[in-house]
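In structure tokens, the next block holds one chain alone, the form predicted alone.
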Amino acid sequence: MKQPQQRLGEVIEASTTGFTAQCYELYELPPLGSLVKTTEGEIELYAVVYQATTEGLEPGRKPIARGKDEASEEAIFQSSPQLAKLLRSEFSALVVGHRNGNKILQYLPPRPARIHSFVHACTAEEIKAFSQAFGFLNILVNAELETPSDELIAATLRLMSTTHEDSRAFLVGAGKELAALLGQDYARLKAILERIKPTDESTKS
């Protein structure tokens, strides 16, 4: 059965290599390393979430503490409902590929996403289809981001592995690809492999 599309927000900033999207709902942020998609005309852009923030709408004006006399965190928003409209949640994503027609291509698209394009969470079927190959890892390995790329790679692979029937085989394949990309950097390779090591008892042999 085809899964429904989950719309997360829309693009408010875009470049050839990535985009930033504002969420429609406060704190409704996609997980680190999750695969999302947006469009540029007929092309679907795939991107990995690498950074998320929640801050005040007004630049330079930080929220102030309000909960000293409240019984819970939820009570803060109940007593000050305007807060939800004074804050915003945003996330940034690194473009790792695109779909042109029926072809999934794991390299940068010809043009960036458009401002106000909708951003959707990819379904499990889409994630599985995209991660049949590991060409996207080259983009992640060489990315210079606010988030350490090793943590991003590990988070991405852990999430992708859950869409494959044999998650262990998927992670082993990803590990071999990383070994080819990072053959001269054993310490970095080891750090990533430690983070994607299967922990489920059922995958141990």
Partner chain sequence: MLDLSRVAGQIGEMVGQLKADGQERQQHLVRALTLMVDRSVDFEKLKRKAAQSKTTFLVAGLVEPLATHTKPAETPTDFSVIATDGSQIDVDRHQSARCYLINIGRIRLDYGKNPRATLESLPRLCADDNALVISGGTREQVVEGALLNIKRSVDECQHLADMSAELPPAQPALAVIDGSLILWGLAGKEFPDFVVEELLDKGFIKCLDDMLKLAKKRPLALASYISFPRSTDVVNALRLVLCPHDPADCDKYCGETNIGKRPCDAVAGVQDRDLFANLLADSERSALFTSQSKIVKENYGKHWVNFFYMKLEDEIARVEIPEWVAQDTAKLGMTHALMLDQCRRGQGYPAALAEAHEQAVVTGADRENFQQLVEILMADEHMTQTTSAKSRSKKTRWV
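Numbering follows the first chain given and starts at 1. What you are looking at is a predicted structure, and each value in this text was computed from that prediction instead of being measured.
Keep in mind that the form predicted together with the partner chain is missing from the display, and what follows is about it.
Participant: Even though the partner chain is not shown here, does S79 get within 4.5 Å of it in the predicted bound form, heavy atoms only?
Facilitator: Yes, contact at 4.5 Å.
Participant: Can you work out whether E58 and the partner chain are in contact in the predicted bound form, taking contact to mean some heavy atom pair no more than 4.5 Å apart?
Facilitator: Contact with the partner chain, yes.
Participant: Would you classify A124 as touching the partner chain in the predicted bound form, given a 4.5 Å non-hydrogen atom cut-off?
Facilitator: Although the partner chain is absent here, A124 would stay clear of it in the predicted bound form, with no heavy atoms inside 4.5 Å.
Participant: I115 versus the partner chain, in the predicted bound form: is there a non-hydrogen atom within 4.5 Å?
Facilitator: No, I115 sits far enough from the partner chain in the predicted bound form that none of its heavy atoms falls within 4.5 Å.
Participant: Choose one stretch from 23 to 31, 38 to 46, 58 to 66, 145 to 153: the one whose residues place a heavy atom within 4.5 angstroms of the partner chain in the predicted bound form.
Facilitator: Flagged stretch: 58 to 66.
Participant: Is any part of 83 to 117 within 4.5 angstroms of the partner chain in the predicted bound form by a non-hydrogen atom, and which residues would that be?
Facilitator: Heavy-atom contacts within 4.5 Å come from K85, L86.
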